[in-house]
Ligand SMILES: C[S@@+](CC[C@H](N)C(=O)[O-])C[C@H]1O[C@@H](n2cnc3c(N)ncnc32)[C@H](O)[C@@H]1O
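The chain that follows stands alone, in the form predicted alone, written as structure tokens.
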Amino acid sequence: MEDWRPEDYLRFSDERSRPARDLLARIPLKAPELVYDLGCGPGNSTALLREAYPRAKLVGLDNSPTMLARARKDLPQVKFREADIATWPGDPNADLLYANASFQWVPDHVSVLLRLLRGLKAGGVLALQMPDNLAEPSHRLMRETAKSGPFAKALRHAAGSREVIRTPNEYYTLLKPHCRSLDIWHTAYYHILDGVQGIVDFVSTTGLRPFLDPLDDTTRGQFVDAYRANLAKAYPAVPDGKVILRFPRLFLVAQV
């Protein structure tokens, strides 16, 4: 895929930071000394960690140079590194590994989570949240729209770019043997957006990227037009013209 676009991503910084705050509120650490933000993006979640733990050594990791450039610009006091969290070896000195909406992009992410848990020191915490919206109309209609039209051949593999989120029971069964406590919860957020174009804008820098990046300008426009028309049927406007996007997320906080 093409590199991420920080400015577009941050257009919805309030919506993207709310689950990051909710995750942060459930972390059972008062004063961690070493904190990693895994998949830190443009630094919006890193800023929350800086606010919560001002005395901690804080490191942001991401595999996007453009996202890291924006993070370094906004948070020059924080150390940022280019790294792929799928292969990052971990740090046995870390007190907190925090990941806001990043592990859904990691292939076989359960194996990575298990590896990171096993590498944490006693008392260390792995905390993450992942969008669980592949069954929502916003994402189901990406896949359905991609199946027909002049863009179908180019998008035949687009739907496989994201990991399917497992059930809470599965995560508990797989992760609990490797930690002393495991907190799991599921929350659906309701984002009030400016019509169906607001939904397109919201997902275009995240879940829609695998469907847009393989296309040229002409077929990309055709795909977005068809996707927007399908969204209009699934998300009727409320009386003031807004639409409400339901956005479920799964949260995990494990302490070893």
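Numbers follow the displayed sequence, beginning with 1. Just so it is clear, the structure is predicted and the values come from calculations on it, not from any experiment.
FYI, the form predicted in complex with the ligand isn't displayed, but the following is about it.
Determine which one of 120 to 128, 133 to 141, 169 to 177, 81 to 89 lies within 4.5 Å of the ligand in the model of the complex, judging by heavy atom distances; exactly one does.
Going through the listed ranges, the match is 81 to 89.
Could you tell me which one of 154, 106, 165, 75 places a heavy atom within 4.5 Å of the ligand in the model of the complex?
Selected option: 106.
With the ligand left out of view, choose which of 230, 64, 219, 204 has a non-hydrogen atom within 4.5 angstroms of it in the model of the complex.
Selected option: 64.
Check residue 102 for me: does it contact the ligand in the model of the complex (non-hydrogen atoms, 4.5 angstroms)?
Taking the distances in the model of the complex, the answer for residue 102 is yes, it comes within 4.5 Å of the ligand.
Might residue 60 be said to contact the ligand in the model of the complex, defining contact as any heavy atom within 4.5 Å?
Close contact is absent here: in the model of the complex, residue 60 is far from the ligand, nothing within 4.5 Å, heavy atoms only.
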